[in-house]
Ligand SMILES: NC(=O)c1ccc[n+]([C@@H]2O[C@H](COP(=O)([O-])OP(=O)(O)OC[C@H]3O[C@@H](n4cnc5c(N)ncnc54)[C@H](OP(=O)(O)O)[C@@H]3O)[C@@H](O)[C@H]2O)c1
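Okay, here we've got a single chain as structure tokens, the form predicted on its own, with questions on binding and movement later.
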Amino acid sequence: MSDLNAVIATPVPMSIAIAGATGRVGAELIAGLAGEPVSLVALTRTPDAGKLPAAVAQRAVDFERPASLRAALRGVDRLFLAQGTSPRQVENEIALINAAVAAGVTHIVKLSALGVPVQLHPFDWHTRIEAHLAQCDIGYTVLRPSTFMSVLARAGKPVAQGHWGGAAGDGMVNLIDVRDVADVARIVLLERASTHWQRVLHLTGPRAWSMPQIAAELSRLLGRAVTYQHRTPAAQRDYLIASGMSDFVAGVAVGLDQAFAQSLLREDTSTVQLLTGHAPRHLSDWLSEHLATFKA
């Protein structure tokens, strides 16, 4: 009888699938789950053993073959969904949601974005995916982080060369470290009681900043003057394309600047602190950690 009680008391190992395992949040999430008693499955279109830890199983998916999605999710308890910004994001994420429902997945953690009502890419894409998920008979948690601090990495060369700028104006944005997003995702995925919950969580850093304020912080850290040059959306788009950025990526970047300019992402929340037990990481610390990026 004691052996039977021990079996009953032992939790059944959880299987978690990660769509977007090599992305910024996905990679941090896998690192955070590495020491947990779960089995991890990376869903990938191009399996590559060198990109992921050996303990992470890889299952190939083909979005042209819905049956491959269902097969890849067979036996999976929970799905972390983050396909990344692309013209096929809506189509691909909805296909994975449908496959998860068909395969018996109990809970989906969908990485979305704060400010989803905005009619700008990729915010409007997340709106469509969230609307589809809300109609499905499955538990889910939608994570709506504000913009990642790592978006500032693309300003490294312009800052170093003295021509950083954009169309964000003096608008405020509460940037968040991807590690904080991954920490929250980890907590949510491991919550066994949340199987049938359907909820949305807003995630932000500790305070909002304007681009000129970030320039002032960089000036302090670098020991030299850094300025943010104000441009119109059209001028910023031309600048980005001239620098070698594709038309699609430039459009997304300018749309993000427009969201910043309207302070649509300045919200302050305590969600990271409440769920993880630690305060969200500060932008000044992220800039200090990546200061070499702005010196190149």
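From a predicted model like this one, the values you see are computed outputs, not experimental measurements. Residue numbers here begin at 1 and follow the sequence given.
As for the form predicted together with the named molecule, it is not shown, yet the points below apply to it.
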*the named molecule contact at S284 in the model of the complex, heavy atom, 4.5 Å*: no
*Quick one: does A134 come within 4.5 Å of the named molecule in the model of the complex, counting heavy atoms only?*
no
*Examine V61 and determine whether its closest non-hydrogen atom to the named molecule in the model of the complex is within 4.5 angstroms.*
yes
*asked:* Using a 4.5 angstroms cut-off on non-hydrogen atoms, would V151 count as touching the named molecule in the model of the complex?
replied: yes
*Using heavy atoms only and a 4.5 Å cut-off, determine which of S39, Q236, T44, T269 is in contact with the named molecule in the model of the complex.*
T44
*asked:* Between A99, L79, I214, A82, only one gets a heavy atom within 4.5 angstroms of the named molecule in the model of the complex; which residue is that?
replied: A82
*Each of N92, H126 and S146 near the named molecule in the model of the complex, meaning some heavy atom within 4.5 Å?*
yes
*Please determine, with the chain shown alone, which of 105-113, 164-172, 206-214, 220-228 has non-hydrogen atoms within 4.5 Å of the named molecule in the model of the complex.*
105-113
*Can you tell me which residues in 20-40 come within 4.5 angstroms of the named molecule in the model of the complex, by heavy atoms?*
G20, A21, T22, G23, R24
